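Quick heads-up: it's one chain on its own, the form predicted alone, in structure tokens.
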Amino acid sequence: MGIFGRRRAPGHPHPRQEPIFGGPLCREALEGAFVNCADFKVRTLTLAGDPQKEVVVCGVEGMVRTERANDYVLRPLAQDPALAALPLEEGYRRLAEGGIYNWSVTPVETTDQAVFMLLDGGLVLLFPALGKALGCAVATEEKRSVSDPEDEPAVKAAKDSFVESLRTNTSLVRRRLRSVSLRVEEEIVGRQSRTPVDLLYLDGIADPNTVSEVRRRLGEMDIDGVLDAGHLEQYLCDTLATPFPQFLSTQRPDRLCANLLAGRVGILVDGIAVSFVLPGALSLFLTAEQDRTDNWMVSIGVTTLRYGALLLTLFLPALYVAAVLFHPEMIPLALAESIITAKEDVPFGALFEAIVLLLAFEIIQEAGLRLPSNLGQTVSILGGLVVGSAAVEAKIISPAVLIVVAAAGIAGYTVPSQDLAGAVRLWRLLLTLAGGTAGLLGVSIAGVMLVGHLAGLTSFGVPYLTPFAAASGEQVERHELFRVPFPAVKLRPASLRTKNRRNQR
């Protein structure tokens, strides 16, 4: 446990089989590994037309770039005149040392190495007479092109975002951080998926304890496949008993680089078009890329507004229900008369109205997200008309509840992180139930429980409420919450325990 908070003991349901494919490396072993695989292809060639020098070429169709394999591997094998005059052993050595026009040519010694080379898009050249093999990296580079970050727009920031190709993503990072201190470590995760997962950090800045802990947790992942962020969360988070996110996901390479410079650790996963930033804190999820590009005074104002909107979306429905049901003396007389007049013909209580509208709001939002964009907009408009105007005119919902829930919903859209927004919506519902059950006392108790829950969370030893509540012996620094002018920013956040705290001026 230590400084990194609560962790479940890693459990391995069954031991890893090593090696996966036993026996000597040969054509029959590879055909047995890819039995009933229509995309597995085998071709027999002879070196420079000499029938005594046979080479068996194996590959997985669709994973191999055909033009590259033909021009840089198969053509030299069949047409290099120097190979005809050399013994087979010398020809093998010539191919390994430069006879094949390929960036990466490596000896392959086991069936496991050959299988994973094929699955990565390479070719395996078997020399049956020698009992040796070579692997050539000729993988196809088909991928989605780099486009605008749709989920994190910014006016004055970069317009590129991560894609599903891991090496494309690491190149986007290196183009911004041309530092020899940038470390990119790779771990293969998943028994079946064999997914490459890269760990990024700046050596000499990031906390070595945090880096080693992330590395350890990645190494302990015993899972069949890593296909989405949820698989990582189960193994990397300090605790799973919370709806609040514990690491930041971002599409923006510039935002990842900014966090690496601050001393955090990044994770990139092949096949996932976002990066993950550790450790996480509440203030990190309430910042946006626009905060760094705007004027510092505008940035402080927008950040303050964002925190106010967070409190509004959490507590407004709960306070309204509590005031109407238990504390009508809190409501001004003119407003109380208006609410009473509007509720005369409504058969339901304020709590029921608020809960129904909150759930309807979630249903409409979920439907809009899951449907195609054009149809989703239509459903949202129709849902707003039906739930809003029609329900009020039919005297099913009072206008005051509709205004309160709509205001809380709009305020929730100011939260930059969708992961945090989901947790906020869940707690908004719980606070409303507490307000309708016990009035302001219930809201107060639920609010204290929320703060206590957040105060008990950590992410790799960093308190979740940093910088509002720092760990013992740490000093709360204002630039961890608000952006201040560069001359005043001299230190990196103390909560990250960076080796080098001096930041840019």
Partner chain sequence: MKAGRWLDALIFISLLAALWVLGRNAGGRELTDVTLVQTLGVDGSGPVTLTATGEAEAGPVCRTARGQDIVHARSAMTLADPTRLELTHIAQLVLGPETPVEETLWQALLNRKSGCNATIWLSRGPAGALVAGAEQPFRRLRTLEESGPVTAPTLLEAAWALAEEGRVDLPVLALEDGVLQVVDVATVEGG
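Predicted model only: the values in this text are computed from it and were never measured. Positions refer to the first chain, counted from 1.
As for the form predicted together with the partner chain, it is not shown, yet the points below apply to it.
Of the candidate stretches 24-32, 45-53, 443-451, 58-66, only 443-451 has residues whose heavy atoms lie within 4.5 Å of the partner chain in the model of the complex.
In the model of the complex, at least one heavy atom of Ile339 sits within 4.5 Å of a heavy atom of the partner chain. Using a 4.5 angstroms threshold between heavy atoms, Leu325 counts as touching the partner chain in the model of the complex. For the chain shown alone, Pro332 is a contact residue for the partner chain in the model of the complex, at least one non-hydrogen atom being within 4.5 angstroms. Under a 4.5 angstroms non-hydrogen atom cutoff, the partner chain in the model of the complex has Lys343 among its neighbouring residues. Of the residues Ala350, Cys257, Ile397, Leu126, just one reaches the partner chain in the model of the complex with a heavy atom at 4.5 Å or closer; this is Ala350. With the partner omitted from this view, the residue of Leu88, Ala434, Val356, Ile100 that lies near the partner chain in the model of the complex is Ala434 [heavy atom within 4.5 Å].
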